[in-house]
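Take a look at this single chain, the form predicted on its own, given in structure tokens.
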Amino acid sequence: MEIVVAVKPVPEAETRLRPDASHASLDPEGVKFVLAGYDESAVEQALLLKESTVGSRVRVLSFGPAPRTEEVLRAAVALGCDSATWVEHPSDLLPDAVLSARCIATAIAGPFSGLVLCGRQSGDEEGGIFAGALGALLKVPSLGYATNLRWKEPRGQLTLQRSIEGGLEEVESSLPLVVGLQQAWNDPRTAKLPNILKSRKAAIEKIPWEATVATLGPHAIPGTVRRTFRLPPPRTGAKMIRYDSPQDAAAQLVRLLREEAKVFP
């Protein structure tokens, strides 16, 4: 089985963010970029399928600027992906999800008959439309989110579970297919030190931005424009309530919510 995993570098959750000079994007200076959380599940799911299906190979792709994109690709190779492709773009480009899907689709190229996995959504934009857009561009079916994806060898089909309100939905599908992963069978694995060292020397295929522009033409321009990137207002300090009884505390809390927070009319 040919398995392609599309991943995206996102800021580490504990990183302190700030806007750049234009206030249109994030200032990447000093920011550590890692695999998006759902992308980790997509990589794990791909590796589980590779281990359970003879002859499968995992190719990881990412669309982004240097150096963050190369770093997450090497992280995926250290986990066990067989090959990596970096679709480059200049650092001043602010792509949207549809442009990202177009660029990944050009890297996959040709009639595709395998499985494409990606995260349900990224941790920085959370648009949740990448899987659907990629499926439409590749002209193959897509599922926006799924869990517990397994390959049924005798039947040549994938079985997927989807979390829905009140329970789980089970879906069967043949290949080709694009799936947005919500989670894998188990928690994502951790790369071992020898594999990390090997990944630093692994060959990464690079597709220059000029080649992508030549293929996409006017479609290489983002369809949306990011106007402003700003941080939320700082949190105010907590206000302690002094009380003599639980009833007194409740009364004071209701009064503060009504008079100061303006939550109640």
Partner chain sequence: MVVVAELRDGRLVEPVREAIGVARSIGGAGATVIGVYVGPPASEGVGEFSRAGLDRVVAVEGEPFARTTSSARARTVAELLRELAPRVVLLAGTSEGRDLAGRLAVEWEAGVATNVTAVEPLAPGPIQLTRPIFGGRATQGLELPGERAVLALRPHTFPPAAASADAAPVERRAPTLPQVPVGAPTMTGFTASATGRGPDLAEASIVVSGGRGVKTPENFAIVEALAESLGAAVGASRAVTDAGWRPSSLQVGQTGKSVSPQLYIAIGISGAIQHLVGMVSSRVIVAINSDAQAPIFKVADYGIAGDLFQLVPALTAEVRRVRGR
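Numbering follows the first chain given and starts at 1. Worth saying up front: this structure is predicted, and the values here are computed from it rather than measured.
One more form of this protein exists, namely the form predicted in complex with the partner chain; it is left out here, but the text below deals with it.
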item: Segment assignment from 210-218, 57-65, 44-52, 231-239: heavy atom within 4.5 Å of the partner chain in the predicted bound form; value: 231-239
item: Residue contact check: G80 to the partner chain in the predicted bound form, 4.5 Å heavy atom; value: no
item: Contact flag, K206 vs the partner chain in the predicted bound form, heavy atom cut 4.5 Å; value: no
item: 4.5 Å heavy atom contact, G144 and the partner chain in the predicted bound form; value: yes
item: Contact of R162 with the partner chain in the predicted bound form (heavy atom, 4.5 Å); value: yes
item: Residues from 11-33 in contact with the partner chain (non-hydrogen atom within 4.5 Å) in the predicted bound form; value: P11, A13, E14, T15, L17, L26
